[in-house]
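Shown here is one chain on its own, the form predicted on its own, set out as structure tokens.
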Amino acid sequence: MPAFKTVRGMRDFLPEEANMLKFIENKARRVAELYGYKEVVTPVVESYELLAAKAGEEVRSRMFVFKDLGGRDIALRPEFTASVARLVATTLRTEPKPLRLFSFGTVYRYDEPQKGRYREFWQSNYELMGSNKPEGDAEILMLTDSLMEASGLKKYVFKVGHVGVLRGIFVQEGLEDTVQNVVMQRMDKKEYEVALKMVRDAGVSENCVNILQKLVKIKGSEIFEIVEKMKTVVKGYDKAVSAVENLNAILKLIVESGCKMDVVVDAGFARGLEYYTGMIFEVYVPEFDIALGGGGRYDQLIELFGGEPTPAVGVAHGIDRIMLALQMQKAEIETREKSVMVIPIKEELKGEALKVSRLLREADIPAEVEVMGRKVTAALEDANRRRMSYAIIVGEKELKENAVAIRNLAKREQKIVKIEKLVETIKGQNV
């Protein structure tokens, strides 16, 4: 038989990594609860037409697409938003607004595997649907800040922009949507010269080219100064001016909330997905040049899928990338619960060991029983090697007193405890 390997771009999570994944997942779920987001679970497989509708050429070209046995084109989801928008356009169409929806799971893109990029990766996804107000955008930014902080990340920075600024200029210049989309994709890749050549070739005014050249150079952390510069540069393009004013209102709400978010405003910032219509953002740490999460406003997607006109804003967080960033920052995260190894001294005491382990589990304390037939010394070495918290040694002498020996493996300290006090002792760490 051949030695099987994982499919390229896929990976296994070993126990330590799985613990960290679970740790961040728990933080993501807690943030969802704190902000009032309800979980929905959508299929991993959707129709290709749905997922491709406004995904952007970059994402469309990297989807896992295949025909099912009925000859239909289907694909593995490359992100969550299209699936959630479908749900809101159909099953949830009559639900009162706003809808705050949360999803967690795997998504798939046929990227070239490298550090921080996999073909199967994990995301937490939050969508706020029904509000076109700047406070909705502010909430999604604050929610992301809450998750980054709860995960234990340090020195993370938000890059914020507004698609409406560039779109407003392009619409006034009469640029077709298909050309706009390609230009935005080039700008997303920071291929500004290529993007400028495209708009020139499309016949825009020289004034438009000059404005775009200025916009891509406007960025900085003095957020309201940057916004004022943007407003001055786009003067004469009414929709672009309105977009800048909307961005200003969102940032003003963030400041008024007291949220100490580190923000850089980037006037030339674009994202590859075609459905964005307003504020967009990504979040980074200095150690890692790939975004840990990103999102923005998309006010037309649900209507495109046959639903009522429904403004919306959302964000997806890359759980794999957050894990990697935490490792790069050498963050100290306690992902392990108190764990106990129960060791019978002799064969005849296995039943008593099982009884003790059941008592602990019923009290919500993880407990394993030594099942390899090891002597006590070897069993203790194994428990220590696996970084367990305690070992409980079940011996005849102690059982006669309705007691067991409990050993703190980190401190190398041991004492006798009555069985009825065992749970209280472990939970109180009084050992």
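Whichever C-alpha set is largest while still superposing within 1.5 Å between the two forms counts as the rigid core. Residues carry their position along the shown sequence, with the first being 1. None of the values given here were measured: they were computed from a predicted structure.
The protein also exists as the form predicted in complex with a further copy of the same chain; that form is not presented, and the subsequent description refers to it.
Partner proximity in the predicted complex, defined as non-hydrogen atoms within 4.5 angstroms of a further copy of the same chain, places exactly one of 219-227, 237-245, 129-137, 277-285 at the interface: 129-137.
Proximity to a further copy of the same chain in the predicted complex, taken as a non-hydrogen atom within 4.5 angstroms, holds for one residue of E396, D68, E381, E401, which is D68. Proximity to a further copy of the same chain in the predicted complex, taken as a non-hydrogen atom within 4.5 angstroms, holds for one residue of F80, F158, W122, F170, which is W122. Taken together, the three residues R30, T42 and P366 all lie with some non-hydrogen atom within 4.5 angstroms of a further copy of the same chain in the predicted complex.
In the predicted complex, at least one heavy atom of T90 sits within 4.5 Å of a further copy of the same chain. Though the partner is left out of this view, G152 does not reach within 4.5 Å of a further copy of the same chain in the predicted complex, counting heavy atoms only. Although the partner is absent here, K189 lies well away from a further copy of the same chain in the predicted complex, with no heavy atom inside 4.5 Å. In the predicted complex, at least one heavy atom of S61 sits within 4.5 Å of a heavy atom of a further copy of the same chain.
Residues M372, G373, R374, D382, R385 of 372-391 are found to place at least one heavy atom within 4.5 Å of a further copy of the same chain in the predicted complex. For K54, a C-alpha deviation of 2 angstroms or more is recorded between the shown form and the other one after rigid-core alignment. In this overlay on the rigid core, L34 has a C-alpha that sits less than 2 Å away from its partner position between the shown form and the other one.
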